[in-house]
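Given as structure tokens, the chain that follows is alone and in the form predicted on its own.
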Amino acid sequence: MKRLLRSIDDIIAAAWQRVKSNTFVTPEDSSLFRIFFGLYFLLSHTPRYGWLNDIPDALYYPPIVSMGIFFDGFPPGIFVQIANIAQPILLFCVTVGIKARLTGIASALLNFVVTTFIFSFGKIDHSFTPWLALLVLSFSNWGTRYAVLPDKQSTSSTHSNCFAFLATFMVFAMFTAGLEKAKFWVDFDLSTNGFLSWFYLGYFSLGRDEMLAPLVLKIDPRFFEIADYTAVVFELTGFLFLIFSQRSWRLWLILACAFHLANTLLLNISFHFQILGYGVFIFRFSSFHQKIAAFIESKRAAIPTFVSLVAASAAIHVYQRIDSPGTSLLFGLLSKGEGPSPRLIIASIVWLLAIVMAVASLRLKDEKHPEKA
């Protein structure tokens, strides 16, 4: 029995080591991604909590397994206002590298606490994914480079464990979604279709009729039976791609970005914030880090200007939230006129660029894990 348990332990340890090797991201790459991560949050995905003050306690009904059961109602207005103002400030610190580890953890935990109350009257969505990425990556070395106040270097094992855990979580989340679809979509019945059930509800009831959605009505419904099975296979096999090799993991990321692009164009469901989870594995700069370092060194005088611009974006958020719930800077500036929603257009561009960069990353040499180098 001990030998069996030892063998199982060895297998798990070997599998985890492969995941660490396949998902390894250098501190330089992750530090550059930290800047993108923070800017993306500040421009398009900064959380707004002020609307919670308008929800009556009569609607408070928290899930049994949540921190919300310890409270009788939604949090007091002063707490919501402090959280609403604190988030842009914390995200500014993450972006420019002011103790990014501490401020990133604080930002993620603050959002998780407030989200407990957001989910306490039936509102459930997928927006927690980038916050989990922020929490996990804050323990890595992504705050040690390109930072105003750099973090102390953590061990290479701790650094690589962060990316391995994040990748494992992402494929597990896809697996659970695929498992649920497999129960109903893989029925070999041409008279039913999972994709079209989503499409028709969104198209005719929720107004999701933009981008390429009208083309779906002109395509033979039997084609989407293939799409059903393809989506299920993709979502269920992420672990295989993750364990096999670095290149297979990058290939799965290309498929994931294409999957989200298709959902944006056809179903008008963008989930553009998921790029904050995929992006750290996609945006690879290792081949020209010396050029980046030389450019930054030659433009050191521009660094205060960059920091000032990021600070200005955070200050705008704070100013907005003093008397109102606040808005997204990017989408708040873009008003929908004729044509597709600006949110869908930007999400489509984001996913297209992610696919291009992910394909380009296939040509890069595999990163050598420091524990094996």
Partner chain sequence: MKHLATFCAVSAFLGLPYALKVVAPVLEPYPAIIFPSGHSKVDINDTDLTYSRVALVGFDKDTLAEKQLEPRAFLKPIPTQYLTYLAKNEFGLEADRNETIHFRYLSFPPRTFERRKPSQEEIGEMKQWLREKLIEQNCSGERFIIRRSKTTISTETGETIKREIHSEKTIALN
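Because the structure is predicted, anything quoted here is derived from the model rather than measured. Numbering follows the first chain given and starts at 1.
Not on display, but discussed next: the form predicted in complex with its partner chain.
The listed set Ile345, Leu43, Ile55, Leu309 contains one residue whose heavy atoms approach its partner chain in the model of the complex to within 4.5 Å, identified as Ile55. Here is the short version: of Leu196, Ala227, Ile98, Ile254, the single residue with a heavy atom within 4.5 Å of its partner chain in the model of the complex is Leu196.
The candidate spot formed by Leu149, Ala258 and Pro340 lies out of contact with its partner chain in the model of the complex, as no residue has a heavy atom within 4.5 Å of it. Contact between Lys181 and its partner chain in the model of the complex is found at the 4.5 Å heavy atom cutoff.
In the model of the complex, its partner chain sits within 4.5 Å of a heavy atom of Pro62. Heavy atoms of Arg222 reach within 4.5 Å of its partner chain in the model of the complex, making it an interface residue.
Among residues of the shown chain, Ser107 is not one whose heavy atoms approach its partner chain to within 4.5 Å in the model of the complex.
Only one listed stretch (110-118, 261-269, 241-249, 84-92) carries heavy atoms within 4.5 Å of its partner chain in the model of the complex, and that stretch is 110-118. Along 25-50, no residue reaches a heavy atom to within 4.5 Å of its partner chain in the model of the complex.
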